[in-house]
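One chain is shown next in structure tokens, namely the form predicted alone.
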């Protein structure tokens, strides 16, 4: 049975069609993939289904009955639930209160009966194999994977039969990804229907039953997953053949000679035990990409924070930090930028963007004193807008309007905007964190190419990524972090996913590269 069916559905913002004449269906009791480039309209279509956006044309059928979905509460009453890419949880409140909000069981006197709620949640957790028990913990104390599990339990508590998951693995480590899909398959076996918005074609091919491809607001086609492959889906998404590894020139630079390093970190340790860095020392050379690998929570985030904002870590860390031989151990982000440092931050929402400001306002952040954008003591809006328009074309940022708020852009297009800003004007050192998180295959090519071009120009690049394939494809060296320490270092000729993965879990590097 078709549990969800879109018939000529359209959604318009001003003159821009985010969705145009969408027609596709989702079978009950399946995992259905929804893929496409950034800005293709995937999330918009699902927000229409969930009642966040009103329908502008066409109709949606639920269990083969036309349904005009008025709002999310109405959608939930119809058995539809959604886990957004950025979780909708109140971090200061307990897990239990987050889940039961709006559906609180009450006693005869109208008092919330949390004991009854907890018993119900424990039953749901055990029934679906989700194995969760931290009901009275504040959400802020949970890992990202645990928060996602809470979001799924919340939908089950609300009796959702259709679960929409928007980029669910974008912030998960490999162990959490495997656990998530194990749980989703259990839900499917129980008769639930999963709609999976994703950019990761390997996951879509491994775990879905069917997949619908969108491009520029329209449906290109729907495929039975077992009858398609990565190359076909990528070409449907982008409209051309796509390479999944970097195909451009890799000039021999840092490995050709022994250059004087441009960045040194010596004996870096954090003071607080919840920010674990233990005696970290390394150098970064011009003309190389130094990859930083490790399971989340092993010190990579703290290292990036120290490198990009050392003044904020002054009371929390001991150690020395030099750029071009001069100490920057207490420098501000602006001082680092003036020394030629570009940054793509780890969290684009909390650290990189002003969501209620447009592209030009976000692009100028940190560059308000740049002479290129100053005229008679004021920001030259015309100059900024012209440069943003250039970057929109260069990075294919969508929608292609400088006046679009960052919060209205898809995650991948937000990422492309941050990449464009980091490369303006011309940094000699580039810190890049998770550059392709939530980015489609076509844009990944462009971002990887931009990073490699900087390296080939002789720039020094540090690449922080949870994607081991990405690190191995781009890096000249990889440092593996475990328990706040550098567990191992691999040169490019030593790259081996099995060996690197073992050291990420705390194991020793194989002698001579042997497995």
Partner chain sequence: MIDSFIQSWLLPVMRVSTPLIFAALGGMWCERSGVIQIGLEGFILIGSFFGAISTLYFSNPYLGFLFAGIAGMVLSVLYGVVVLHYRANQIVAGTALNLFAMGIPPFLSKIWYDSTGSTPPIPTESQFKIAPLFIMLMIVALTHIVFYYSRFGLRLRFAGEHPKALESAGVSIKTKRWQGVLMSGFLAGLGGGTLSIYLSSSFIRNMSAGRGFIALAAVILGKWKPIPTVLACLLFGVTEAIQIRLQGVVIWGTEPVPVQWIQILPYLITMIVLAGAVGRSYAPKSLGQVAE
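Numbering follows the first chain given and starts at 1. Note that the coordinates shown come from a computational prediction; the quantities given were computed from them, not determined experimentally.
Absent from the display: the form predicted in complex with the partner chain. The rest refers to it.
Taken together, the three residues 91, 106 and 110 all come within 4.5 Å of the partner chain in the predicted bound form, as judged by their closest heavy atom. Residues of just one listed stretch (226-234, 401-409, 415-423, 98-106) have heavy atoms within 4.5 Å of the partner chain in the predicted bound form: 98-106. Among heavy atoms of residue 114, some come within 4.5 Å of the partner chain in the predicted bound form.
In the predicted bound form, residue 252 stays away from the partner chain, with no heavy atom inside 4.5 Å.
The partner chain in the predicted bound form is not approached by residue 142, whose heavy atoms all lie more than 4.5 angstroms from it. Interface membership of residue 282, defined by any non-hydrogen atom within 4.5 Å of the partner chain in the predicted bound form, is ruled out. Think of it this way: in the predicted bound form, the partner chain has a heavy atom of just one of 384, 290, 76, 220 within 4.5 Å, and the residue is 76. None of 181, 157, 87, 373 but one reaches within 4.5 angstroms of the partner chain in the predicted bound form through a heavy atom, and that residue is 87.
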